[in-house]
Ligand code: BES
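First comes one chain, alone, set out as structure tokens in the form predicted alone.
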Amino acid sequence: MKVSVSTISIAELDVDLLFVPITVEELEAGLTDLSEAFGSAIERARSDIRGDGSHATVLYPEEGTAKRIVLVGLGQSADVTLEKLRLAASKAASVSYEFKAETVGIAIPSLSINGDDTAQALVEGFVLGSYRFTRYRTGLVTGEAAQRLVIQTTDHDKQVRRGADRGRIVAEAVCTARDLVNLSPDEKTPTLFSKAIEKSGKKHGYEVSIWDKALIEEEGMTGLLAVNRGSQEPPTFSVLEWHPENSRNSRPVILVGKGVVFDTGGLSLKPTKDSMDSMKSDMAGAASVVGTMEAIAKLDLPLYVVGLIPATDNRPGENAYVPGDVVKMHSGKTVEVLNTDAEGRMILADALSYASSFYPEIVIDVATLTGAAVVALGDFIAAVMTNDEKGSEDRLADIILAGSESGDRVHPLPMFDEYNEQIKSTIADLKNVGGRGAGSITAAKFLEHFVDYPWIHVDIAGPSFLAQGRGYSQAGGTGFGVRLLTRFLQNLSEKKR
């Protein structure tokens, strides 16, 4: 989608559909400016506008050049947030899709939020709300996404342009992650997934190195190899690198994404309904790392960032690892496997151990790790945890802020040492499951044993994949994590000025 900014008057903006967000104060004041621009249709539509943003009012103006106008209430101006702007813009996207509008305009509302952030939120909401995954549709697809989006503003032109460009870049990166998650499993074996990552790197300008099984064996990533034993497809390990000349950090920020391309549970087989049937999404953490690398490269972010993606499927093949196996991991620690469906932490542990070789400034892993996170927080929000290293409170505050600003919200869970008792093994250093209670925390405590640097763990099992669409996300992959990580990195970059 082409996105541009125009300072032409709202009455002269020639588009198929013009979206105008309305605050309660503007509604109560009579919308006189809009009436002057578009005629009496505005006044007639006033009673149809709901101030809470739950409804879009479509009207056909007698005057002005826009063919249709969509009015959406934002509520009280003091209560308007970036997320409310995204959700309002997604309504405009739905209407534009329905009417097959090729060109859409969005008028920047007068708010206390700066034009930069307002424009970014509106563009993100519209582009994400326009997303449809139609790769496997053979029949007639109803509606079409807009080809051109114009942000209309009367001042702060440079700020608005900057925000609109950033919104487009970030939203397109989210759509990349959504596409990867939504792909049929037979189209994203570890090898095919790694090729997609290579293609992304060449297109967007970051470096990619793919390890085959021989290199993985040479490095001693036995957790990844154990999970892969039941598969007919070999594993891969992808190293993604963005290292611009003007980097503000000498030690990299490392992003680790869980890349289980399909998870049957292995010999600890999952039930199909509401479980295995959505496990093509078990690589959503890896997809979010790919999307983030695309975003920071296109934004030319002055940070040294490395992405690590261990990839395999988890199947009950004839040589599959079994409950009772003891695996000596990449770090040298031994793990007693008591549930083969706790495979994500096995492959992440090797990647986190390998990350030490970069002497990282901070490492963030993103993973669809536990159903317990869904039980605790539902599908609106991700769980976040960190190790008790120096600066842990600041790290949590930074990732929570990035979640609030980006719309990919996270909530912290505790990491008390007492939880280590649940993952003690009687025959090895650790066991790979901690029992029914506090499953998200014990999974994080397991991973903590493989890090020796500042580290943040984000469990995205809930919000990464939706059974039913909501807001600006259709059913399926949401791309959760891309906006969170990108915003975190942007904020970190600003701190280093």
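Worth saying up front: this structure is predicted, and the values here are computed from it rather than measured. Start at 1 and count along the sequence shown; that's the residue number.
Quick note: we don't show the form predicted together with the named molecule, though the next part is all about it.
Undergrad: Go through D263, D408, D350, D365 and name the one with a heavy atom inside 4.5 Å of the named molecule in the predicted complex.
TA: Here the answer is residue option D263.
Undergrad: Answer with one of A342, M329, A121, L308: the residue that has a non-hydrogen atom within 4.5 Å of the named molecule in the predicted complex.
TA: Spelling it out, the residue with a heavy atom inside the cut-off is A342.
Undergrad: Name the stretch, out of 368-376, 400-408, 201-209, 247-255, where some heavy atom lies within 4.5 Å of the named molecule in the predicted complex.
TA: Of the stretches listed, the one contacting the partner is 368-376.
Undergrad: So, K270, M279 and V433: all three within 4.5 Å of the named molecule in the predicted complex by heavy atoms, or not?
TA: The answer is yes; K270, M279 and V433 each reach the named molecule.
Undergrad: If we define contact as a non-hydrogen atom of the residue within 4.5 angstroms of the partner, is A444 a contact of the named molecule in the predicted complex?
TA: The answer is no: A444 has no heavy atom within 4.5 Å of the named molecule.
Undergrad: Considering non-hydrogen atoms and a 4.5 Å limit, does the named molecule approach A66 in the predicted complex?
TA: A66 lies outside the contact set for the named molecule.
Undergrad: Report whether the minimum heavy atom distance between A461 and the named molecule in the predicted complex is within 4.5 Å.
TA: Flag for A461 set to yes.
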